[in-house]
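Heads up, the chain below is alone and in the form predicted on its own; it's given as structure tokens.
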Amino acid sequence: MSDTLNRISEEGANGSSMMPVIQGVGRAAIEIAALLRGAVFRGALGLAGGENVQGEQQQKLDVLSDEIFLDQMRSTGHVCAVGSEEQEELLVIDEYASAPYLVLVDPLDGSSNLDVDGPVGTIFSVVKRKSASDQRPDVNDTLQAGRDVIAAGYVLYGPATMLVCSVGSGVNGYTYNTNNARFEISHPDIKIPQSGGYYSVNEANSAQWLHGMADTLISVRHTEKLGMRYVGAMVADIHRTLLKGGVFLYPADAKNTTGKLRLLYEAIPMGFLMEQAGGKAHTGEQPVLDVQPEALHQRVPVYLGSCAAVDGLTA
């Protein structure tokens, strides 16, 4: 492997402009990975003592990862604001408030896995501001449908640290090489297999799923010959789905009638990647990338995977 993140500058119409931002994501990933490795020795595991805007208990590592990501986006000089799942409001980077891009991030997806040394990840997407550069960016700049996303990706913190991303011209995976301290391409031109694979879902909730989804899933998993795997970190489950095929789903249920996963921080970035890899992303009512966001922390149901599996669940 010799190609590094610098090759992004050669990818499509957006590669050159996105390279500094994605390099910033890479730096954040390296720092977060190091934080995770040493967390048990630094007393950084466990609850931080507060709640995020969704009313969920924040882990100490959620807070620290959020700070790292914001600092690295500031360091790019190309990002005017960051919307984070961990923050109620948009965080404007004052010294670069005229910069052209906004980044939306779930800085530490799957943090419930932390105390058992399970895989976690970072999810991000990039949009171009709608407001004039001489105005202060605000939340309206973030409320853009997935079709307007310029770049998206995730970082998986597993046995290796891997950054998977797209600038709108396919999906590539880069693995962090500790020998030379850089990301090198390891999975070029990722395409989701169109048959076989696995379904990933928290089936403990199946009795509460709406619209007969429990029965529909039974039919689809037999028709598509899907095995079952579920980690409980969206990054890890989507990564397997992209490489092995199948479908990841989080249906609406009696408690979360409008869905559980966040449109801007989870559904749109992963939907962007899935479509770029030849798969589908759907809410059950419409393609994920066609949903017009109405709020920074809006939630939707999600079905992400191979075309046949997603069609079977949402037709």
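Since the structure is predicted, the reported quantities are computational estimates derived from the model, not experimental observations. Residues carry their position along the shown sequence, with the first being 1.
Beyond the structure shown, there is the form predicted together with a small molecule, which is absent from this document and is the topic of what follows.
Proximity to the small molecule in the model of the complex, defined as a heavy atom within 4.5 Å, holds among Tyr265, Phe272, Phe248, Phe69 only for Phe248. Distance criterion of 4.5 Å from any heavy atom to the small molecule in the model of the complex singles out Lys260 from the list Lys260, Lys60, Arg27, Lys280. Contact check at 4.5 Å (heavy atoms) against the small molecule in the model of the complex: none of Val21, Gln23 and Tyr96 pass. Of the candidate stretches 141-149, 213-221, 110-118, 186-194, only 110-118 has residues with heavy atoms within 4.5 Å of the small molecule in the model of the complex. None of the heavy atoms of Gly77 is located within 4.5 Å of the small molecule in the model of the complex. Contact annotation: Gly232 falls within 4.5 Å of the small molecule in the model of the complex, judged by heavy atom distances. Not displayed here, the small molecule is approached by Asn202 to within 4.5 Å at the level of heavy atoms in the model of the complex.
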